[in-house]
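Okay, here we've got a single chain as structure tokens, the form predicted alone, with questions on binding and movement later.
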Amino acid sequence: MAEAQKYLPGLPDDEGDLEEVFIDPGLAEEAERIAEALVFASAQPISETYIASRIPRGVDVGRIMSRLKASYASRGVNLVQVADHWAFRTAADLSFVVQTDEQEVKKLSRAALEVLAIIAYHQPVTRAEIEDIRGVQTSKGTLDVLMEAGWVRFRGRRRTPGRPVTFGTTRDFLDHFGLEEIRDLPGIEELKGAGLLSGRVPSNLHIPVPVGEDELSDNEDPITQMDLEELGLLTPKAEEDD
């Protein structure tokens, strides 16, 4: 019977002391078809957690998605990973074919691009820290534009006097710029190679390696409902009548 089964690593057995089990190939194939259908039917990237809840129990969702990704690698659409979410996207070399004149392109000012880059590379970062890096004040409108575009979000509040809000990028930011995770942002050598940095780059220029975009740092507190009300993102709850 073992010959008729498919080998999948990383799954516990009944005894709990082995790291490998065998999965029926028909079960694995069905899981792959379900995962493919779920991603295809969704207009937004879909989470591995959601996929795992829909495929047959005991099948490794990570392995299934990796196999699907490989099978679509040379096709007109690719299965791409965005953080822990998955989506179908037009192959990069064919993007010009599907572009239309009606497509609305998000155009950012130079100030907005600078702020976006600072947030992406330095997150979690406060407005004061953004201004310190840029050397000029940052208008609220610039941050509003980035948040309305869905590329920047409130992360938390810094554990310092005044508890300033910290900013970070979103999954939509990763999706728009074709990044699997924030650590895929280009380093200084890649930026030079792409012509985005001039030949007169200061010798002390440092581009930090971005940290994970989801986890709060040790000096951050999560955003609460009270914080959202204070920031004007929620209407304060009406007090209950006595």
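These numbers were taken from a predicted model, which means no experiment stands behind them. Start at 1 with the first residue shown and count on from there.
The same protein also exists as the form predicted together with another copy of the chain; that form is not shown, yet it is the one meant from here on.
- Another copy of the chain in the predicted bound form is approached by S74, whose closest heavy atom lies within 4.5 angstroms of it.
- Among residues of the shown chain, L68 is one whose heavy atoms approach another copy of the chain to within 4.5 Å in the predicted bound form.
- By the criterion of a heavy atom within 4.5 Å, D60 is excluded from the residues contacting another copy of the chain in the predicted bound form.
- In the predicted bound form, another copy of the chain sits within 4.5 Å of a heavy atom belonging to V165.
- Residues K140, G141, L143 are the ones in 129 to 143 with at least one heavy atom within 4.5 Å of another copy of the chain in the predicted bound form, listed in sequence order.
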